[in-house]
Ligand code: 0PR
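A single chain comes next, written as structure tokens; it is the form predicted alone.
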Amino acid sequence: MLKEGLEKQEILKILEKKLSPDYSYDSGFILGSMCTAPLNFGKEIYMKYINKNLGDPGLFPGTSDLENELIDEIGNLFGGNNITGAFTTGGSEANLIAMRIVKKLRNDIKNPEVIVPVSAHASFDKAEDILGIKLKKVNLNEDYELDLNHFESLLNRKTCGVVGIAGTTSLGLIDPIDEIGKIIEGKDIFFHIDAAFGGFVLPFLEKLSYKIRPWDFRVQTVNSITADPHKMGLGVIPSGGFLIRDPSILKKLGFEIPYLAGGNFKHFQIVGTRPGGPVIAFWAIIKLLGLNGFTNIVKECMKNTQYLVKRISEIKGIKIVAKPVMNVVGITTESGESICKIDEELRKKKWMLGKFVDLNLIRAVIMPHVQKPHLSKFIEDLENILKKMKIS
């Protein structure tokens, strides 16, 4: 640490230089991220209320009430009534909260097991490590759909929870959540849905008359849902969400915090201190955009998704992995050769996509910051790379 502080302008100049290697969403080169630039109004609200701490809700009862109001509104959007829950640091924390609940509700099981698709997010592997649960992973069929027969074969007396994905990390696909629900109906098994990405896409696709598999609280066996405002919700980073159908679970399993200045309370969260700014910002974003605003944003993303799919289909040597359900596009080679070299060449031209070695694909996520001219330039560079590599 310096003995004497620097002038503000000097600090800003140093920061500008040090952060210059960072990519920006508005460059259009970030094609593989499930996050995007927050809505400007959200940033404005966040900065205004940056000092709010929901880790001590007794000091900020207005912020706490806004969170409850927001959770109720999102719960309604997801087909539920009187849904409870909380904002989190993101989908990973929300999934970890869900897995803790899964384990604690079935303390009678000595070596608890949770069934998850092989396509599940890495946060479930973290939960396995931290919580001491065992993950049983379900295979996918050739079309990347969950193998329901394999799923059913993994159920046993140690199964305390199952997970369905509404918007897989690799391809944005939706698991057969209603069919999983029927399989576990009547069993004492907690059903969690990871809709970290899909949560703020799928309701608006339905408004656009896309045929969407049942995935939310309208499936009666679904107990909880993860959904991230900092993805397609255009919230500030980080903003995650955990929603749960049964409010009594907080009373049973909530962490008791007795020593805070604002008084005693219970919470679900893994973290203690919790910023209220992202909650207030997302409340404001929802009020600003409304249902129609979000629907129009998703409509534009899907238009650009369809454009990318069309352009990819015109190029020899590569192909779309699976028909996109939402604004996520998987690309692989027609011959089956490794996609890794193509990804390396794209990165040399500054294109940042997600790479999934086990599935041999690169993933483009057509977020609001990705525009048609960006995609046209991407296709141009991709075609040149394929010619150079003689892939056809």
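From 1 onward, residues are counted along the sequence shown. Small disclaimer: the values here were computed from a predicted structure and weren't measured.
The following text describes the form predicted together with the named molecule, which does not appear among the structures shown.
Please state whether all three residues Glu67, Thr84 and Gln269 have a non-hydrogen atom within 4.5 angstroms of the named molecule in the predicted bound form. So, no: the whole triplet misses the named molecule.
Do Asp175 and the named molecule share at least one heavy atom pair within 4.5 Å in the predicted bound form? Residue-level check for Asp175: no, no contact with the named molecule.
Heavy atoms within 4.5 Å of the named molecule in the predicted bound form: does Gly90 have any? Residue-level check for Gly90: yes, a contact with the named molecule.
Tell me, yes or no, whether Gly235 is in contact with the named molecule in the predicted bound form, where a contact means a heavy atom of each within 4.5 Å. Gly235: no, not in contact with the named molecule in the predicted bound form.
Could you tell me if His230 has a non-hydrogen atom within 4.5 Å of the named molecule in the predicted bound form? Heavy-atom contact with the named molecule at 4.5 Å: present for His230.
Identify which of Ala196, Ala281, Ala98, Val116 has a heavy atom within 4.5 Å of the named molecule in the predicted bound form; exactly one of them does. The residue from Ala196, Ala281, Ala98, Val116 that makes the contact is Ala196.
Taking the named molecule in the predicted bound form as the reference, which of Ile45, Ile331, Cys35, Leu54 has a non-hydrogen atom within 4.5 Å? Here the answer is residue option Cys35.
Just one stretch in 117-125, 316-324, 181-189, 243-251 has heavy atoms within 4.5 Å of the named molecule in the predicted bound form, so which one is it? After filtering at 4.5 Å, what remains is 117-125.
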